[in-house]
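Next up is one chain by itself, shown in structure tokens, the form predicted on its own.
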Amino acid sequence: MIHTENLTKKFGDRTAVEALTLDVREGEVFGFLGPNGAGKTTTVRMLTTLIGPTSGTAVVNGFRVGQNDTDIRRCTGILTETPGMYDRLSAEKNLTIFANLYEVADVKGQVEKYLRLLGLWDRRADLVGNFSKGMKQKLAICRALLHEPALVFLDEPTSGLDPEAARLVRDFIEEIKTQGRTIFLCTHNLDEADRLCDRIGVMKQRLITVDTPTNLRQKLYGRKVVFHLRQADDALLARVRALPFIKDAQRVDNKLVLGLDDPETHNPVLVRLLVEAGADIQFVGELRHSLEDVYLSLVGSTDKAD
């Protein structure tokens, strides 16, 4: 769906995006993460042909940036971080204007469809200037989807929304994913990225890494299982450490924290060993690092390298 090679954008002497080589698969939710000023929005603007690259190439849905820009605009939808709407017009009129610009066949039907889906139908006649920030954000999402694009770029889609509205938008993203659309999601909400994204890319002018959230956790931290015992001692820890599949073992109070490559296979062996050693197992759980831990580790390591 998206393929870039050495895509670069410079503003004078400042490099905003450096040699970005990236592939985004059709039908996936791809999360694009990075600190402010990392080049995320600049990348989106290049891929949607709002600005041209300084060098490198990009192909979007089979169309080449810089050569087939009109075709790219027809097959993509975009929600910018600060979407501009016509404040002196109603929500319905705003969407009607953009539906006509996109040459939508059933303008009235599409406008009603998305106003209802985003919970704005009852406010369709109200002036957009009287809308809250969250309502404007939902209206901008409607605008991005009016022409049923195959690829949708969402830049901070839940910014400014209350928890109920943010959940509605997340559910909506999952729904349009089931329709086979590709979603390119820029967000600072790491919990949101963890729940919604099939893969994530971490960016800081250069692309640091791309993988699934689960694989990134495992690469950085491995998998750790915590055995909560009624009582643990160093002798029990030593018996566990002697097992060949244990990569790392620590005792924290009455808990054994064990590093394993394959907990599904080795947990039953550990349970039997601990029971035979007289341990009372209260419960077993896997230590799960958050995507925030992964993100901060990756960005922090880049800072040190720089």
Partner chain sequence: MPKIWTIVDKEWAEVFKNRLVLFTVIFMPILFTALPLLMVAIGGSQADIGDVTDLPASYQEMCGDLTGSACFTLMMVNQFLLLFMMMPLIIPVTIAAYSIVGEKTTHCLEPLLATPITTAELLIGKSLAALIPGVLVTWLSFGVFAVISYMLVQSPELLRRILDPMWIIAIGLVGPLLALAGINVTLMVSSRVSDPRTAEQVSMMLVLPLLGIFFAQIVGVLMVNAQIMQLAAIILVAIDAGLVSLGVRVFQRETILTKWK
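Since the structure is predicted, the reported quantities are computational estimates derived from the model, not experimental observations. Positions refer to the first chain, counted from 1.
The form predicted together with its partner chain exists for this protein as well; it is not shown, and the discussion that follows is about that form.
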* Structure fact -> None of R230, K219, R88, K108 but one has a heavy atom within 4.5 Å of its partner chain in the predicted complex; the exception is R88
* What is the one choice in G52, G62, G37, G278 with a heavy atom within 4.5 Å of its partner chain in the predicted complex? -> G52
* Asked: Counting only non-hydrogen atoms, which stretch in 202-210, 174-182, 188-196, 100-108 is within 4.5 Å of its partner chain in the predicted complex?
  -> 100-108
* To do: Identify whether its partner chain in the predicted complex is within 4.5 Å of every residue in the set R239, N254 and T265, based on non-hydrogen atoms.
  => no
* **Residue contact check: T82 to its partner chain in the predicted complex, 4.5 Å heavy atom** => yes
* Is L127 close enough to its partner chain in the predicted complex to count, meaning some heavy atom within 4.5 Å? -> yes
* Asked: Could you tell me if K224 has a non-hydrogen atom within 4.5 Å of its partner chain in the predicted complex?
  -> no
* Asked: Can you check whether Q67 is within 4.5 Å of its partner chain in the predicted complex, heavy atom basis?
  -> no
